[in-house]
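Okay, here we've got a single chain as structure tokens, the form predicted on its own, with questions on binding and movement later.
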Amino acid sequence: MIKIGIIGGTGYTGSELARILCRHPGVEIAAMTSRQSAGRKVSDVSPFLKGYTDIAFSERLDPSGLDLVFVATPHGVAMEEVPAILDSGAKAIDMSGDYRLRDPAQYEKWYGHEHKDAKNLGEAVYGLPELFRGEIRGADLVANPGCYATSAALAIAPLAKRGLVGSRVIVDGKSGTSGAGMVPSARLHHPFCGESVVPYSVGTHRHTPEMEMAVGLFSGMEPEVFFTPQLVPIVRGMLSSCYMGLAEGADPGDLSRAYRDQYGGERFVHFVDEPSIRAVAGSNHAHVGFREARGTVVAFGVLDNLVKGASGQAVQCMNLMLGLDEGAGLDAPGLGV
């Protein structure tokens, strides 16, 4: 049995990883860390895992003997953990933003501090399987994409690659409150956000350069993205509406063909007429679609920010890295209601 470790097991992404992996047919969760909960059973801290794992949290993780380690920590931590994981012979998937941006200067600009592992930063593979599957397969280090970046890139990339849209992109993103993590804040206090829509980090969100990088790497276009994220009063789910000019000579039929050609054979990304958060919530599935009017294309990317936007996509990458079936442990539909 393949042995897996999780650094940071009590956050939303870490616990979601455990929820998915504890029923994965080919792997075993061998270790999970939590500084606050060290020594306590995982199933006592996360009661939804009762009956699925008997392990206890440890304060530190020894990667020797493990095949792959997920680092589900805030940014700035993974760059301290990943070198030792790779030196031990294990593979690593970073769930934070530490290895997403290939340029150390870009990382410092958007994350506010110097990157301490430039060597591995240059070798990390961006983990969006539907766009970069060949690079992920067999990689030693994968940077799991951000949730907003995944939803936007899936919507934009096929159109950009075929030259059907202009390079100026306005992304309007709406996400549930789980995307902000477990740490309480005034913005997440229910009386503040429960019946409201709250824009934040307008034009300054860290997923902006990631969107530009992912679309650029896949399509060859150099997009200029202006991104406005908004908090909406749901727990799970994300919708990115991406506004672009229709290229001269392109028509809606070209746009439809671009999506069908890119995603027609995919297991988890579906081109649909009406993308729906409820259709994908709780699953690793994503919807893409578009509308075109008066020379403007609005492309939509919809997913569950905790699954396809985080932990599910990480497991999808793990499966590719370890030579497993890509959909193993992920074959579940959305909740629907």
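Since the model is a prediction, treat every value here as computed from it, not as a measurement. One rule holds for the numbers: they count along the sequence shown, beginning at 1.
Absent from the display: the form predicted together with a further copy of the same chain. The rest refers to it.
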* When a further copy of the same chain is placed as it is in the predicted complex, which of 30-38, 298-306, 53-61, 66-74 ends up with heavy atoms within 4.5 Å of it? -> 298-306
* Would you check whether a further copy of the same chain, in the predicted complex, lies within 4.5 angstroms of a non-hydrogen atom from each of I2, S88 and S96? => no
* Structure fact -> The one residue among D254, D140, D172, E135 placing a heavy atom within 4.5 Å of a further copy of the same chain in the predicted complex is D172
* Go through E248, E108, E195, D261 and name the one with a heavy atom inside 4.5 Å of a further copy of the same chain in the predicted complex. => E195
* With the cut-off set at 4.5 Å between non-hydrogen atoms, does M79 touch a further copy of the same chain in the predicted complex? -> no
* Flag A186 as yes or no: does it have a non-hydrogen atom within 4.5 angstroms of any non-hydrogen atom of a further copy of the same chain in the predicted complex? => yes
* Give a yes/no on whether N120 approaches a further copy of the same chain to within 4.5 Å in the predicted complex, heavy atoms considered. => no
* **Heavy atom of R168 within 4.5 Å of a further copy of the same chain in the predicted complex** => yes
* **Partner contacts for 56-73, taking a further copy of the same chain in the predicted complex and a 4.5 Å heavy atom cut-off** => none
